[in-house]
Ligand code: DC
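A single chain comes next, written as structure tokens; it is the form predicted on its own.
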């Protein structure tokens, strides 16, 4: 499916990949270095999941979740001066940046995010955001569904042990309890759901550059993506 309004595609970088592949960390850094907005699609799915949980809605009741979600405005606020919180996410005026990173939301988001109506609802919002601003947009279907005409499409991956280690570090930095065995089970389950769901499954987008980040530093990955982006821009302008 093509983005019907692709006026900013030359200034869009999509970064897709499975949980723990380094998408968020890299996307934030790339956006800050190049001077683009950062759109975290995963945070938007977590926001919808939080709405369902806080309103005691059955996680598979698509109609009820959508009805309640339409009462909220989901807002992403980039803050380049603080790379650790480069984007805050709000429901109306409430900052839910940390709330959506809870284990409860993490365990439930894969159920909510596979619902077709939820995906269509959020893809529409994500396209509106990317049409309005030059962006780095990251998630699991940004290069395949949300912005298939983006000038630069990246697919990040890493081996399972590396991804578990990164997730454990993230939880510890947020002062949340972590168990490596449980984290591995959660990631494997999320991988299965993401890659087999009917709507917008996790795939390597057409013409995407695949980067295995196992053993690579953040700077190495960031530099490689920036080089790819600048080459794509140069080729586009020939």
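Values in this document were obtained by computation on a predicted structure and should not be read as measured data. Residue numbers count along the first chain shown, from 1.
A second form of this protein, the form predicted together with 2'-deoxycytidine-5'-monophosphate (DC), is not displayed here; the remarks below concern that form.
Among the residues 184, 197, 32, 209, the one placing a heavy atom within 4.5 Å of 2'-deoxycytidine-5'-monophosphate (DC) in the predicted complex is 197.
Using a 4.5 angstroms threshold between heavy atoms, residue 153 stays clear of 2'-deoxycytidine-5'-monophosphate (DC) in the predicted complex. Proximity of residue 101 to 2'-deoxycytidine-5'-monophosphate (DC) in the predicted complex: non-hydrogen atoms within 4.5 Å are present. The closest non-hydrogen atom of residue 113 lies within 4.5 Å of 2'-deoxycytidine-5'-monophosphate (DC) in the predicted complex.
2'-deoxycytidine-5'-monophosphate (DC) in the predicted complex comes within 4.5 Å of no heavy atom belonging to residue 163. Checking 209-217, 61-69, 175-183, 189-197 against 2'-deoxycytidine-5'-monophosphate (DC) in the predicted complex, the stretch whose residues place heavy atoms within 4.5 Å of it is 189-197.
Scanning 46-71 for heavy atoms within 4.5 Å of 2'-deoxycytidine-5'-monophosphate (DC) in the predicted complex gives just one residue, 46.
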